[in-house]
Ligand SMILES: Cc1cc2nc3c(=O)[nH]c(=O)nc-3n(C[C@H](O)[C@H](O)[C@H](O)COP(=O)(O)OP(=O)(O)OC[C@H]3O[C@@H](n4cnc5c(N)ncnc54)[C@H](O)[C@@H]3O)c2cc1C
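A lone chain, given as structure tokens: the form predicted on its own.
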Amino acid sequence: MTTTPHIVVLGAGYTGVTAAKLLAKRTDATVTVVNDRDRFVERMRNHQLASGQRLRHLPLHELFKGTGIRLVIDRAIHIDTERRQVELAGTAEPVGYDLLVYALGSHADLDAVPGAAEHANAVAVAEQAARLRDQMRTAGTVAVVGAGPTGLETATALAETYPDHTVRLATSGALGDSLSEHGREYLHRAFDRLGIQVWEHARVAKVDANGLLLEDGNHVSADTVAWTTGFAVPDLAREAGLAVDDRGRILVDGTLRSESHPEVYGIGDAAAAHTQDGQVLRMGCGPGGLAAACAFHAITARLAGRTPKPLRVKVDGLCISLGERDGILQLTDLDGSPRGKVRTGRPVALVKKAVLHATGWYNLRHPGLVLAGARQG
């Protein structure tokens, strides 16, 4: 490796932006970010976009202004690990690297269920969340598929914004199965208050123009469908010959370095990150931020000739908004089991607003704050 390494970061989501800015500010490396769009997408707020709220416009060139980061707006189509270069869709000249930070994230898997790609709107995609917003102006009934945090936030935001509409939610499990008993009871009361109709243990077999066909033969009618479940990662890592798990996520060690290619680090949803206890971090912005900070520590330690310490995480947590003035905060073990007392109500809604402001504004400009949350050793 050269004395001044070139670090390429693929992806400019929450984890990619954080890692790139930390590396550019606190190392002597040359940093290049490759992303397929020229603005940052606040994915954690897409349910608000779907319900009609305006989101901040965050151009990447402004977020990177003054950092020295080179921004390439293009789509990575191949990683040549032997030559250590990334081939791009719209540029003939590949981007070479000494170190690669793979932060391409995840996307909604609309191909898993017939008809979903044609008739459902993936809330994880900003353009489709905006399309759902437009459809809600004329749709009388919406069916939300999935009862993870995004599904719960989408259903409650739509029900609160459109009280004269019918909001339905279908989940393959039980409503609030990741919450404590008190949390589940509170969630059911919130759904009853908002008039949201729930189909539990309902697996979707097909999506059509009139709603959802369930595996048990029942049909959930809807004028439009919001898809918030089933996520996949890009095939780029698998196609490049990197070691991946059965979902295509890069297999990394406790310092977020690829198990097969030591010059590659994987962070965020596209990496299967393990703690010292062997638990895999869930997909999500919170765990992704910890992974980005750990990868930064590991890279800087190795550049300085030190042995990095692995990521150490003991607890996780779910902070879920239930509309503008309500919410649930539940600590969990890393396996998703609820832990401790659940917090509810308006104070949690205020906490969630603060989290969204920090992750979508302050942390992007001052990523050093993320380092305080990454415990190592």
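In this text, residue numbers run from 1 along the sequence as written. Keep in mind that what you see is a predicted model, and the values were worked out from it rather than measured.
We do not show the form predicted in complex with the named molecule, though everything after this point is about it.
Three-residue candidate spot G146, E160 and R325; no residue lies within 4.5 angstroms of the named molecule in the predicted bound form by any non-hydrogen atom.
Although the partner is absent here, I69 is not a contact residue: none of its heavy atoms lies within 4.5 angstroms of the named molecule in the predicted bound form. At the 4.5 Å threshold, heavy atoms of Q330 stay clear of the named molecule in the predicted bound form, well away from it. Contact check for G105: a heavy atom falls within 4.5 Å of the named molecule in the predicted bound form. Residue contact check for T171: none of its heavy atoms lie within 4.5 Å of the named molecule in the predicted bound form. Judged by heavy atoms within 4.5 Å of the named molecule in the predicted bound form, the contact stretch among the candidates 307-315, 51-59, 333-341, 32-40 is 32-40.
The listed set R131, R75, H182, H188 contains one residue whose heavy atoms approach the named molecule in the predicted bound form to within 4.5 Å, identified as R75.
Taking a 4.5 Å heavy atom cutoff to the named molecule in the predicted bound form, none of the residues in 166-199 make contact.
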